[in-house]
Each structure stands twice: as structure tokens, then as C-alpha cells.
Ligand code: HXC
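Next up: just one chain, as C-alpha cells, the form predicted on its own.
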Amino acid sequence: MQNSKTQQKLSQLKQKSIEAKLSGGEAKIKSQHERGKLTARERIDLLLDDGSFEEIDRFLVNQPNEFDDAKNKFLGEAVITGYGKINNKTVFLYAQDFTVLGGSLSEAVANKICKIMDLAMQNGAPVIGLIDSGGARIQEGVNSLAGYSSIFLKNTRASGVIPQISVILGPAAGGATYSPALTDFIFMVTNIGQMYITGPEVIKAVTGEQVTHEELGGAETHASKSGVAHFINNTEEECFSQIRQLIEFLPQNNMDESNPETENIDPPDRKCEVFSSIIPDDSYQPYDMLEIITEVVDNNDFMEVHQKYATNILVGFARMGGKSIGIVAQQPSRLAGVLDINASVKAARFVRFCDAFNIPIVTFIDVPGFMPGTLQEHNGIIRHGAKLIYAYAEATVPKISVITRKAFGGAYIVMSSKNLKGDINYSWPTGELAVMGAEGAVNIIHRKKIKSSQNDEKVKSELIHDYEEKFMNPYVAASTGIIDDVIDPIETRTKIINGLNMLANKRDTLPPKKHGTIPL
């Protein structure tokens, strides 16, 4: 039987626990709900496996300062931190609590966030940040700004070591936006999530431009225009469900080589019969590369990343033979699948993430070239295109590519080509490999012959056909080893899975160096 002193202490613990869970109080919780937002604790409960959350620092309070009064002391401060499970995999997380002083970042809040990030690093598990904050706590001045810099340092040190996910569920303004920008994936919820460096009021004062918060930094803006957001959802519930889906594809850390695997009900030797007629006879006619991807992967399950940004290229996660892979592919139905600045950066970032976390990369190629034009040139397509070269050349994970149709010029080189250390390079019989398209090549090579002929259109047509037969078919590249095999399209799934199994124990190292100088 417990003595009275113990009972008193337990009663005090119970009371303190209730106080901590109330966060900013009932009125603030009601206000949060009226904004259409869940509370930090409700979010944690939805995201994690039932009953798995273990809170850390729930009784921490901010240190005294000259602006303090009793009403501004909240147990746990303006962030909830801890760890739990997602689909039985350990994750660490922090959830900013808008009911406590608008979720503002104080020195104590920053310390809590840094502590949980340190624990995630030490234990090799993903860290998830649920962002909903009014920004730096003005009362603390430079100390709150120092708190942000400490978080940025942790983000940078954790990069490539553990997966980092940011979820924008409210405002993230000014310097606060750089923490999520340093992480691997950003989720945003429409209508409630906002990110911007300077708000509409400042922009109006400085430039005279009038813009709403949503137009400036809403989910749709960042998903389709800036490329800051990788995933957007209409509700918080949908968002948390998608985060749980993403976690299933990812390893726990960069040393975890047990490729995330699920029970596979899709036979590895399944034939993709639809591929026998999916490529149009007219090489200028578009088709949907998503149909190829969803057909070839396990159970038609493809989780696209950056779905609304740079839609001329596709990136995302899937499984083949039950194991996680990353996919990069041109999208011929958007800008003919050309590589422009945004597509190059989008693909390069994804390739580097996969390489950092030992996820094999499968590339589907149908690229007519880089996007021409002064706008692209002046905005640095040379520099940005080089990022994609660098990413593929640096990657040491298994790399398999399949040319489905066009593979022209420098744009083909950057897409995991053999000389960028692609491990297995396949082509369909419809593959066209060349410096440029047949018409452009003939116009240059045979310009005088065409001009001097009596029937220039007929001669040109014959020369184009001759060029295609002699130089563009995949057997020319196969004869030199640039292509490892020309395959029947319906066998694509089996070929890729067999290749991935063969490469499962691949070992490749880079020359000793501190780090490379990627053309940022």
C-alpha cells in the first residue's frame, strides 16, 4: 500500500500531466479548431501508430526573461517532442503547438527540437517536423534567432544520414522556412499551410504588388510553381496517411541496407503485354509514361513525388520484386519530355536522395533533347543540367535504365547512360539513339545534296529513312556495348527485377575527398 507522501506525489504528477496536455488552454484549442486546424496532440495521434507516442520534455518551461509573466509559462512550451511508431517503424518528431503563444520559437523550443533531432541521429531513425508557428518569439530577440540557426545546423548535419520530413500545417514565415527547405520532403495542406520569406504586407510596402497569402505561399503555389512542396493534400488526415505511405518506402537511415520490403503478390515474371503496342508509330505523337511505370511496378503502386512541378519529368517510389526503388522518367505527354531547368533540378535532387539512402534507381528514357530558347539559356540550363549529370555520375546505387523511344544528344547522356556508370542499360526495339533527330541531322549533313536535287522533298525523305536505319536504331548502340541488350517490351518487368537481384550486393566507391563541388 502506498504511503500518503507517495500518493501526494502521484497526484501532483497527474495534475501536471493534465496541465501539460491542455497546452494553451481550452479557449486556444477551440480557436485552433475554428481555424480548421487540429491541435499538435491530435496531429501526433493521427500520424503515429495507436498508443506508440512517448513524449520527451513535457514539463520543460522557458527560462525567465524581462517580458515574462505567470500567464506566459506553459509546461512543455510551444512544441511537443517525442518518438513513436509508423507501421511499427520508429520515428522521432516534433509538433509545434500554435495554442501556446502562436507556436512561436523560443530558446527553449529550439532546444527541444534540437534534442529530438540529436536522438533521431543517434538512433538512426527518420525525423518528422509538424510546422505551425508564428515565427521567432519577439520577446527573446536574438536568442530566438540563434535557436533557428541551431535547428538549421542539425538539419544540415542530418542530411543524408536520416530521412527528414517537414509538414506545413500553418504559417512558416521568414527564416523559419529554411528548416523545412533543408529537409528531404515537404508536405503541405491546402488552405492552412503557408510558406514565404516576406509576407504580402511587406511586398506591398516595398514593391506595391498586391498578393494574397495563398497566392504568395500556399500549397498549390509551392507544389506547381516554386517546387518547394513535394506533396499537397486537402486535409490533415489525408496528409498523415500519405506520410505513413512514404515511410514504408524509406530505410531508417543511410546505413540501413535492408531495402524496405513487403510481401509481394505480383509475380516477378509477369509479362507486360500492353507494352507491345504502347509506343505510337509516329515518333512525334505523345503517350503517357505513367502507364508504363504503373504497369511495370509491383501491384501498379507508384508514389509520385513533385507531381505538379516540372511535369515533363516523373520521379517517385515504387517496388519491384517486393523491394523499394526510385523511378525517374521522361513524360512525353508534357513538353515532349524535354529536359528544362526545373526538370533537371527535380530529377537531380531525387537521384541524390535515393543514392544517399541506398535505394536503387530505375530510369525510363524518352528524351528529344534539352529545352531550347534564350530564357532557358539565360537562366542557366547549362549549370542546372550539369546537376543531373553530377547526380547520376556520383550515384553508386544500382542503376538500370530502359530507352523506350527517343534518346537524343546530351539529354540522353545525362539520363543514367552507360558512360555515367549506368549498371544495366536496356532499349526497346523502338529506341532511337542519336546525336539529334534524323531530320535535323540530314539537314546538316546533306544540306548541299538536298538543295541541288530536283525533288528535294523526296531526296530528303529517303535520306532521313536511310539515316534512321543506319544510325538511330538501338542495335548500333548495342554493337558497341553502350546498350547492354535490346529487349522485348513485354519482358521489361522481369528484366529489371532480375537485374536488381543481380545488383543487390553491388559495391562501388568514390575517390577519397571531403565532398565534390556540384554546380549549385
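Numbering starts at 1 and follows the sequence shown. Since we're looking at a predicted model, the values are computed, not measured.
Another form exists, predicted in complex with this ligand; not displayed. Remarks below refer to it.
By the 4.5 Å heavy atom rule, the three marked residues Thr363, Gly369 and Lys421 all fail to count as contacting this ligand in the predicted bound form.
Heavy atoms within 4.5 Å of this ligand in the predicted bound form map, among the stretches 277-285, 170-178, 83-91, 115-123, onto 170-178 alone. A residue is said to contact a partner when one of its heavy atoms sits within 4.5 Å of a partner heavy atom; Phe98 meets this definition for this ligand in the predicted bound form. Residue contact check for Arg137: one or more of its heavy atoms lie within 4.5 Å of this ligand in the predicted bound form. Residue contact check for Ile192: none of its heavy atoms lie within 4.5 Å of this ligand in the predicted bound form. Interface membership of Phe302, defined by any non-hydrogen atom within 4.5 Å of this ligand in the predicted bound form, is ruled out. With the partner omitted from this view, the residue of Gly102, Pro268, Gly160, Gly199 that lies near this ligand in the predicted bound form is Gly102 [heavy atom within 4.5 Å].
Of the listed positions (Ile413, Leu145, Val397, Cys272), a single one reaches within 4.5 angstroms of this ligand by any non-hydrogen atom in the predicted bound form, namely Leu145. Interface residues of 32-50, taken as those with a heavy atom within 4.5 Å of this ligand in the predicted bound form (partner not displayed), are limited to Arg35.
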